[in-house]
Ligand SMILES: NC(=O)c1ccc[n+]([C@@H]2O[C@H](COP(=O)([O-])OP(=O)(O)OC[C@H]3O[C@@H](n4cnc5c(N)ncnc54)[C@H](O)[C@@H]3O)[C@@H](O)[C@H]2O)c1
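Single chain ahead, by itself, as C-alpha coordinates, in the form predicted on its own.
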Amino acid sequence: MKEFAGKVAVVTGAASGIGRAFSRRLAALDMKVVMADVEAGALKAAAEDLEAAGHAVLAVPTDISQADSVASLAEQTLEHFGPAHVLCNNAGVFAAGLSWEAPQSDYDWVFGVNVWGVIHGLRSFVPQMLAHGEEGHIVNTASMAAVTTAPFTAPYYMSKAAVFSLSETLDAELRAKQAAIGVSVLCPELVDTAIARGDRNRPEHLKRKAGEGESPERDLVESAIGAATPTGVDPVVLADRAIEAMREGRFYVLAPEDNPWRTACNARLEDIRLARNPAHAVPDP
(Lines give C-alpha, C1' and ligand atoms only; values in the text may rest on other atoms or scores of the structure.)
Protein backbone atom coordinates (compact mmCIF):
# COMPACT_ATOMS: atom_id res chain seq x y z
CA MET A 1 0.00 0.00 0.00
CA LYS A 2 1.53 3.29 -1.11
CA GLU A 3 -1.07 5.98 -0.50
CA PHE A 4 -2.45 6.63 2.99
CA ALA A 5 -3.65 10.25 3.03
CA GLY A 6 -7.41 10.68 3.23
CA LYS A 7 -8.06 6.96 3.64
CA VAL A 8 -9.58 5.15 6.62
CA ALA A 9 -7.75 3.06 9.21
CA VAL A 10 -9.30 0.92 11.96
CA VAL A 11 -7.16 -0.02 14.97
CA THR A 12 -8.18 -2.33 17.81
CA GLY A 13 -6.53 -2.15 21.22
CA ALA A 14 -6.07 1.51 20.35
CA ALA A 15 -6.15 2.97 23.89
CA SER A 16 -2.60 1.93 24.76
CA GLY A 17 0.58 0.22 23.64
CA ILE A 18 1.07 -0.75 20.01
CA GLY A 19 -2.53 0.13 19.13
CA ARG A 20 -2.14 3.69 20.37
CA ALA A 21 1.17 3.97 18.50
CA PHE A 22 -0.52 2.68 15.33
CA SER A 23 -3.24 5.31 15.72
CA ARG A 24 -0.74 8.13 16.11
CA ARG A 25 1.44 7.06 13.21
CA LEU A 26 -1.48 6.48 10.83
CA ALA A 27 -3.06 9.79 11.81
CA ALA A 28 0.27 11.48 11.07
CA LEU A 29 -0.02 10.03 7.55
CA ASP A 30 -3.29 12.00 7.26
CA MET A 31 -5.51 8.94 7.59
CA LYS A 32 -8.93 9.06 9.24
CA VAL A 33 -8.50 6.78 12.25
CA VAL A 34 -11.15 4.68 13.96
CA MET A 35 -9.88 3.74 17.41
CA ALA A 36 -11.44 0.72 19.13
CA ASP A 37 -10.81 -0.57 22.64
CA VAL A 38 -12.71 -2.26 25.46
CA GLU A 39 -11.38 0.29 27.98
CA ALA A 40 -13.71 3.21 27.26
CA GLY A 41 -12.09 5.83 29.50
CA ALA A 42 -8.56 5.27 28.22
CA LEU A 43 -9.89 5.15 24.65
CA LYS A 44 -11.62 8.51 25.04
CA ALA A 45 -8.42 10.09 26.37
CA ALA A 46 -6.28 8.65 23.57
CA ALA A 47 -8.72 9.82 20.90
CA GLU A 48 -8.93 13.31 22.42
CA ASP A 49 -5.15 13.62 22.21
CA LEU A 50 -5.26 13.00 18.46
CA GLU A 51 -8.26 15.26 17.94
CA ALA A 52 -6.47 18.06 19.79
CA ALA A 53 -3.64 17.70 17.29
CA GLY A 54 -6.11 18.23 14.45
CA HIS A 55 -6.57 14.65 13.29
CA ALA A 56 -9.83 13.03 12.16
CA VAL A 57 -10.66 10.40 14.77
CA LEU A 58 -13.61 8.24 15.79
CA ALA A 59 -13.47 6.40 19.13
CA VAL A 60 -15.68 3.31 19.37
CA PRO A 61 -15.71 1.30 22.62
CA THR A 62 -15.54 -2.29 21.39
CA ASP A 63 -15.29 -5.77 22.89
CA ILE A 64 -13.53 -7.57 20.05
CA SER A 65 -14.28 -10.96 21.59
CA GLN A 66 -17.95 -10.39 20.67
CA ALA A 67 -18.99 -10.62 17.02
CA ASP A 68 -21.86 -8.13 17.39
CA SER A 69 -19.56 -5.53 18.93
CA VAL A 70 -17.10 -5.75 16.04
CA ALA A 71 -19.95 -5.72 13.49
CA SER A 72 -21.13 -2.49 15.12
CA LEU A 73 -17.58 -1.11 14.85
CA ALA A 74 -17.63 -1.80 11.10
CA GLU A 75 -21.04 -0.17 10.71
CA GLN A 76 -19.97 2.94 12.61
CA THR A 77 -16.77 3.16 10.56
CA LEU A 78 -18.76 3.06 7.32
CA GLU A 79 -21.29 5.63 8.53
CA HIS A 80 -18.75 8.08 9.93
CA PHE A 81 -15.78 7.92 7.54
CA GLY A 82 -16.67 5.45 4.79
CA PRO A 83 -15.18 1.99 4.14
CA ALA A 84 -11.91 0.94 5.76
CA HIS A 85 -8.63 0.71 3.85
CA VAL A 86 -6.30 -0.32 6.68
CA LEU A 87 -7.29 -2.78 9.41
CA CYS A 88 -5.00 -3.35 12.39
CA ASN A 89 -6.26 -6.34 14.40
CA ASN A 90 -4.04 -5.54 17.32
CA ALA A 91 -5.67 -6.01 20.75
CA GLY A 92 -4.25 -8.81 22.89
CA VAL A 93 -4.13 -10.25 26.41
CA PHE A 94 -1.86 -12.65 28.30
CA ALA A 95 -2.25 -15.51 30.77
CA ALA A 96 0.32 -18.03 31.98
CA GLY A 97 0.35 -21.32 33.82
CA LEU A 98 0.83 -25.04 33.40
CA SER A 99 -1.08 -26.17 30.32
CA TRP A 100 -3.03 -28.85 32.20
CA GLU A 101 -3.77 -26.68 35.24
CA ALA A 102 -4.68 -23.37 33.62
CA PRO A 103 -8.45 -22.96 34.06
CA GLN A 104 -10.70 -23.00 31.04
CA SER A 105 -11.48 -19.36 31.78
CA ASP A 106 -7.85 -18.49 30.93
CA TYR A 107 -8.12 -20.23 27.57
CA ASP A 108 -11.55 -18.75 26.88
CA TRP A 109 -10.44 -15.20 27.72
CA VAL A 110 -7.14 -15.31 25.80
CA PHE A 111 -8.60 -17.03 22.74
CA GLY A 112 -11.66 -14.76 22.84
CA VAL A 113 -9.52 -11.65 22.48
CA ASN A 114 -6.40 -12.84 20.67
CA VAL A 115 -7.98 -15.24 18.16
CA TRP A 116 -11.70 -14.54 17.92
CA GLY A 117 -10.95 -10.81 18.00
CA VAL A 118 -8.97 -11.20 14.78
CA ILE A 119 -11.58 -13.50 13.24
CA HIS A 120 -14.38 -11.05 14.02
CA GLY A 121 -12.29 -8.23 12.57
CA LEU A 122 -11.77 -10.10 9.32
CA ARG A 123 -15.39 -11.19 9.03
CA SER A 124 -16.64 -7.65 9.59
CA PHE A 125 -14.14 -5.66 7.53
CA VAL A 126 -12.79 -7.82 4.68
CA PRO A 127 -16.13 -7.83 2.78
CA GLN A 128 -16.21 -4.03 3.16
CA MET A 129 -12.65 -3.75 1.83
CA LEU A 130 -13.29 -6.11 -1.07
CA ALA A 131 -16.47 -4.23 -2.01
CA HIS A 132 -14.75 -0.87 -2.49
CA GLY A 133 -11.96 -2.53 -4.48
CA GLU A 134 -9.34 0.07 -3.56
CA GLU A 135 -5.83 -0.58 -2.31
CA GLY A 136 -5.79 -1.69 1.31
CA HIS A 137 -3.83 -3.57 3.94
CA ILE A 138 -4.50 -5.77 6.96
CA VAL A 139 -2.06 -6.08 9.86
CA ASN A 140 -2.70 -8.88 12.34
CA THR A 141 -0.65 -8.58 15.52
CA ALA A 142 0.69 -11.99 16.49
CA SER A 143 3.95 -12.20 18.48
CA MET A 144 7.41 -13.73 18.32
CA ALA A 145 5.66 -16.19 20.63
CA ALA A 146 3.99 -17.53 17.47
CA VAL A 147 7.33 -18.71 16.09
CA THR A 148 9.06 -19.77 19.31
CA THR A 149 8.20 -22.00 22.25
CA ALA A 150 8.22 -21.53 26.00
CA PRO A 151 6.85 -23.46 28.97
CA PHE A 152 4.07 -22.23 31.26
CA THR A 153 2.50 -19.98 28.60
CA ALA A 154 0.18 -22.30 26.64
CA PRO A 155 -2.91 -20.05 26.32
CA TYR A 156 -0.92 -17.10 24.98
CA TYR A 157 1.53 -18.95 22.75
CA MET A 158 -1.23 -21.11 21.26
CA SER A 159 -3.37 -18.06 20.51
CA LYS A 160 -0.55 -16.22 18.76
CA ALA A 161 0.34 -19.28 16.69
CA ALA A 162 -3.31 -19.36 15.57
CA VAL A 163 -3.16 -15.69 14.51
CA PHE A 164 0.05 -16.39 12.58
CA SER A 165 -1.51 -19.32 10.72
CA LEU A 166 -4.74 -17.45 10.05
CA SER A 167 -2.75 -14.55 8.60
CA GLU A 168 -0.90 -16.84 6.19
CA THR A 169 -4.20 -18.34 5.08
CA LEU A 170 -5.75 -14.90 4.63
CA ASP A 171 -2.81 -13.76 2.51
CA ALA A 172 -3.14 -16.81 0.24
CA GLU A 173 -6.89 -16.32 -0.13
CA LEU A 174 -6.68 -12.63 -1.00
CA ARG A 175 -3.94 -13.37 -3.53
CA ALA A 176 -6.12 -16.10 -5.05
CA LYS A 177 -8.89 -13.51 -5.46
CA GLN A 178 -6.39 -11.02 -6.89
CA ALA A 179 -7.60 -8.52 -4.32
CA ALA A 180 -5.82 -5.20 -3.88
CA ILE A 181 -5.41 -5.96 -0.16
CA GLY A 182 -2.05 -6.77 1.35
CA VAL A 183 -1.54 -8.70 4.57
CA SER A 184 1.18 -8.46 7.21
CA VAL A 185 1.61 -10.46 10.40
CA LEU A 186 3.31 -8.36 13.07
CA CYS A 187 5.40 -10.42 15.49
CA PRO A 188 6.70 -8.16 18.27
CA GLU A 189 9.40 -9.14 20.71
CA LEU A 190 9.16 -7.82 24.28
CA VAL A 191 7.36 -4.45 24.08
CA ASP A 192 6.68 -1.76 26.66
CA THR A 193 2.92 -2.24 26.98
CA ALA A 194 0.34 -2.79 29.71
CA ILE A 195 -0.33 -6.41 28.70
CA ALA A 196 0.73 -7.62 32.16
CA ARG A 197 -2.21 -5.65 33.57
CA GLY A 198 -4.74 -7.09 31.16
CA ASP A 199 -6.84 -8.51 34.00
CA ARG A 200 -8.23 -5.00 34.54
CA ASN A 201 -10.42 -5.60 31.46
CA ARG A 202 -11.14 -9.29 32.02
CA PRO A 203 -14.91 -9.98 32.00
CA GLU A 204 -16.35 -10.92 35.36
CA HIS A 205 -17.58 -14.32 34.17
CA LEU A 206 -14.07 -15.22 32.98
CA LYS A 207 -12.16 -14.16 36.09
CA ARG A 208 -10.20 -16.85 37.91
CA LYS A 209 -11.84 -18.31 40.97
CA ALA A 210 -9.88 -18.22 44.23
CA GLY A 211 -6.97 -20.65 44.00
CA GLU A 212 -7.89 -21.78 40.48
CA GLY A 213 -4.89 -22.89 38.42
CA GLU A 214 -2.41 -21.51 40.93
CA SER A 215 1.16 -22.74 40.57
CA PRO A 216 4.68 -21.48 41.23
CA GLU A 217 5.25 -21.57 37.48
CA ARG A 218 2.32 -19.25 36.78
CA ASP A 219 3.43 -16.83 39.46
CA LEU A 220 6.98 -16.88 38.10
CA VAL A 221 5.98 -16.13 34.49
CA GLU A 222 3.35 -13.50 35.23
CA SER A 223 5.69 -11.71 37.66
CA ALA A 224 8.48 -11.84 35.07
CA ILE A 225 6.23 -10.38 32.38
CA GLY A 226 5.20 -7.56 34.70
CA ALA A 227 8.81 -6.77 35.52
CA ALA A 228 10.15 -7.10 31.97
CA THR A 229 7.62 -5.21 29.85
CA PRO A 230 8.71 -1.72 31.04
CA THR A 231 12.16 -2.55 29.62
CA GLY A 232 10.74 -3.57 26.27
CA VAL A 233 10.82 -1.85 22.89
CA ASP A 234 8.88 1.39 22.45
CA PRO A 235 5.51 0.55 20.79
CA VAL A 236 6.20 3.24 18.18
CA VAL A 237 9.03 1.07 16.84
CA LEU A 238 6.53 -1.72 16.14
CA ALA A 239 4.04 0.64 14.49
CA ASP A 240 6.80 1.97 12.24
CA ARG A 241 7.90 -1.56 11.32
CA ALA A 242 4.37 -2.46 10.33
CA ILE A 243 3.84 0.69 8.27
CA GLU A 244 7.12 0.05 6.46
CA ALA A 245 5.90 -3.48 5.71
CA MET A 246 2.63 -2.06 4.35
CA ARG A 247 4.55 0.21 2.01
CA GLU A 248 6.71 -2.69 0.83
CA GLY A 249 3.90 -5.23 0.59
CA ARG A 250 5.83 -7.45 3.02
CA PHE A 251 4.04 -10.20 4.93
CA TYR A 252 6.39 -11.19 7.77
CA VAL A 253 7.22 -8.44 10.29
CA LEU A 254 9.60 -10.09 12.72
CA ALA A 255 12.09 -9.03 15.37
CA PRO A 256 15.42 -7.90 13.89
CA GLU A 257 17.98 -10.51 12.83
CA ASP A 258 20.28 -9.78 15.78
CA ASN A 259 17.48 -9.98 18.36
CA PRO A 260 17.43 -12.96 20.81
CA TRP A 261 13.82 -13.68 19.82
CA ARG A 262 14.86 -14.10 16.20
CA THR A 263 17.68 -16.43 17.27
CA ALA A 264 15.18 -18.56 19.20
CA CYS A 265 12.85 -18.57 16.19
CA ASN A 266 15.64 -19.74 13.89
CA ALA A 267 16.57 -22.52 16.32
CA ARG A 268 12.99 -23.74 16.37
CA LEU A 269 12.75 -23.66 12.57
CA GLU A 270 15.95 -25.70 12.36
CA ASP A 271 14.48 -28.27 14.76
CA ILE A 272 11.47 -28.60 12.47
CA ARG A 273 13.56 -28.73 9.30
CA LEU A 274 15.66 -31.56 10.69
CA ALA A 275 12.68 -33.29 12.35
CA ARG A 276 14.61 -33.45 15.59
CA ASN A 277 13.22 -33.17 19.08
CA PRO A 278 12.62 -29.52 20.05
CA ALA A 279 15.37 -27.77 21.95
CA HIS A 280 12.81 -25.29 23.30
CA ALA A 281 15.21 -22.41 22.76
CA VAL A 282 14.15 -19.50 24.94
CA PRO A 283 15.24 -15.93 24.08
CA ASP A 284 18.26 -14.92 26.12
CA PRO A 285 18.11 -11.17 26.77
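Please read these numbers as outputs of a predicted model, since none were measured by experiment. Quick note: we count residues from 1 along the sequence shown, nothing fancier.
One more form of this protein should be noted, the form predicted together with this ligand, which is absent from this view; the next part is about it.
Peer 1: Among 36 to 44, 23 to 31, 215 to 223, 250 to 258, which stretch sits within 4.5 Å of this ligand in the predicted bound form, heavy atoms only?
Peer 2: Going by heavy atoms within 4.5 Å, the stretch is 36 to 44.
Peer 1: Just give me the single entry in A245, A59, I64, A239 that has a non-hydrogen atom within 4.5 angstroms of this ligand in the predicted bound form.
Peer 2: Selected residue: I64.
Peer 1: Looking at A154, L170, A180, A194, which has any heavy atom no more than 4.5 Å from this ligand in the predicted bound form?
Peer 2: For this set of options, the contacting one is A194.
Peer 1: Evaluate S16 for contact with this ligand in the predicted bound form, applying a 4.5 angstroms cut-off between non-hydrogen atoms, and reply yes or no.
Peer 2: Result yes; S16 sits at the interface with this ligand in the predicted bound form.
Peer 1: Find out whether any non-hydrogen atom of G136 is located within 4.5 angstroms of this ligand in the predicted bound form, and reply yes or no.
Peer 2: Answer no; every heavy atom of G136 is more than 4.5 Å from this ligand in the predicted bound form.
Peer 1: Although the partner isn't part of this model, could you tell me whether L87 comes within 4.5 Å of this ligand in the predicted bound form, counting any heavy atom of the residue?
Peer 2: Outside the cut-off, so no.
Peer 1: May I ask you to check whether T149 falls inside a 4.5 Å heavy atom distance of this ligand in the predicted bound form?
Peer 2: Flag for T149 set to no.
Peer 1: For a quick check, can you give me the residues of 128 to 143 that have a heavy atom within 4.5 Å of this ligand in the predicted bound form?
Peer 2: Sequence-ordered list: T141, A142, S143.
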